[in-house]
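Next up is one chain by itself, shown in structure tokens, the form predicted on its own.
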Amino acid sequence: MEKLRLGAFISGGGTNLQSIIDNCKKPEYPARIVVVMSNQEGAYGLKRAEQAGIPTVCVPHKGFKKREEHEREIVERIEPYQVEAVALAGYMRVVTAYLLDAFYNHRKGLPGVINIHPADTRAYQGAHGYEFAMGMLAEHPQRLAETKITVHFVDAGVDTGPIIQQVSVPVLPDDGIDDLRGRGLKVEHRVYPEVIRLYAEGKLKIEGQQVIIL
């Protein structure tokens, strides 16, 4: 079986990266990570990759005047790895159309960049999704009954791309932020590799802004 050549982009600890690495170890899993790229030199996710024998590339964003300039350097640095799709796994940078165009998967006719977000992207975009659900943000002080872990294709907006899959996680009455985040991360670590599997197996298609799972 020819496995999907996956690139993973990280900025921090890389717990979602680890869940993908663990799934890629399974002989039947249809993808493999060929390179891990970080914009942060000290990101622990780079160590996770090295421990798994996966090549790493670090392209710090500081020093670049424009996001596209940074992304051009990234694309050039990881070109030798022949990446077919990119999983943003805690990559804390807004990507531009340049990066999205560079990794569009013409063979599948699908966007080539996927992201995971800890909230319903139709209700909240950007960082601090768990805090949003807990009502901890000044602009949103209302505590929700649940959050929705969302895996979506990335477009030129911020967390606005077509939704592939969502899983609800309840916000319990006695939850603190660490309780909700810990329970949510368990769902993230299960759902993200599953969506990558569907992508690799050709079981996704887009009609308008709706993703169909075949």
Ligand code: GAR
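Please read these numbers as outputs of a predicted model, since none were measured by experiment. Numbers follow the displayed sequence, beginning with 1.
This next part talks about the form predicted together with ligand GAR, which is not shown.
Although the partner is absent here, I116 lies within 4.5 Å of ligand GAR in the predicted bound form, judged by heavy atoms. Interface residue remark: A89 is counted as part of the site for ligand GAR in the predicted bound form, having a heavy atom within 4.5 Å. Although the partner is absent here, F132 lies well away from ligand GAR in the predicted bound form, with no heavy atom inside 4.5 Å. At a distance threshold of 4.5 angstroms between non-hydrogen atoms, V57 is out of contact with ligand GAR in the predicted bound form. Partner contact region in the predicted bound form: 122-130, out of 70-78, 122-130, 96-104, 136-144, criterion any non-hydrogen atom within 4.5 Å of ligand GAR. Listed residues V167, I163, L185, V34 were compared with ligand GAR in the predicted bound form; L185 is the one with a heavy atom within 4.5 Å. Contacts to ligand GAR in the predicted bound form (heavy atom within 4.5 Å) from stretch 141-169: D159 only.
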